[in-house]
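Given next, in structure tokens, is a single chain: the form predicted on its own.
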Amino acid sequence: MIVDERISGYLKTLEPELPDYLEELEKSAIKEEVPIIRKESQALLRFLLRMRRPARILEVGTAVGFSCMYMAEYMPKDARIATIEKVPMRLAPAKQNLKNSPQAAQIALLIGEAEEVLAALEKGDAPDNVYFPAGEKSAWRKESFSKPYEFIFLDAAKGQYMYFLPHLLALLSSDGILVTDNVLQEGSITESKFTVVRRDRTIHKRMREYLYELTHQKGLNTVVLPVGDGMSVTTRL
């Protein structure tokens, strides 16, 4: 916990209940130890989505589909959300969960290595492997995945964030919002790399570099928040 547990617990009591289908998926993911966005992170996403009302959303890191379905629940009714995943063991449950989403027609699952998919989108190329949960009824079928996105949510391999960033900024609309999850790494981001377990030092170093880039790159406006496991919110100046 990076926020006092009593405060975090109280804030959770203020949150509205999830729709039944999301609550069941959340319980299942927690039981199976699948990492999904925390309650506090859900609250921030919901607030930003309702404030910005994006027409196009891009997510990097689908896992079993919870965060994608959560965002779809709170995005405008005619919006679209594309989500990227590569891990085979996640793809089967993600496909089934997204297919059962009430917003399935607005969702597309782009399958492949995130950096490769993002690079292709940046160049204007169509993704090689796309799953449409609603099949022929998908609202995505006649729309380009390479057009700018008003809202991007990054929650994937933490050590790769720096490599994703140039592509994400290229795909972000001029008035868009980039939200990044897990940036404080249970608070260990504040520690010296020598106090971090050796196997985690590369991720620790790269996350620090990523946060420095977000907060110091000319033309970007970023706030880092102690929400969940740490979230950053970035816009253009």
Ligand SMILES: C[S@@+](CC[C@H](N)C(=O)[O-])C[C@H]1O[C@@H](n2cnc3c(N)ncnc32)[C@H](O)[C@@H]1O
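Residue numbers run from 1 along the displayed sequence. Remember, it's a predicted structure, so these values are computed and weren't measured experimentally.
The form predicted together with this ligand is left out here; the points below concern that form.
When this ligand is considered in the model of the complex, residue 203 lies well away from it, no heavy atom lying within 4.5 Å. Contact annotation for residue 113: at least one heavy atom lies within 4.5 Å of this ligand in the model of the complex. This ligand is not drawn, but in the model of the complex it has a heavy atom within 4.5 Å of residue 62. When this ligand is considered in the model of the complex, residue 138 lies well away from it, no heavy atom lying within 4.5 Å. Interface residue among 105, 157, 120, 130, judged by heavy atoms within 4.5 Å of this ligand in the model of the complex: 157. Stretch-level contact check against this ligand in the model of the complex with heavy atoms at 4.5 Å: of 96-104, 82-90, 141-149, 122-130, the positive one is 82-90. Although this ligand is not shown here, in the model of the complex the stretch 18-37 places heavy atoms of 35, 36, 37 within 4.5 Å of it, in sequence order.
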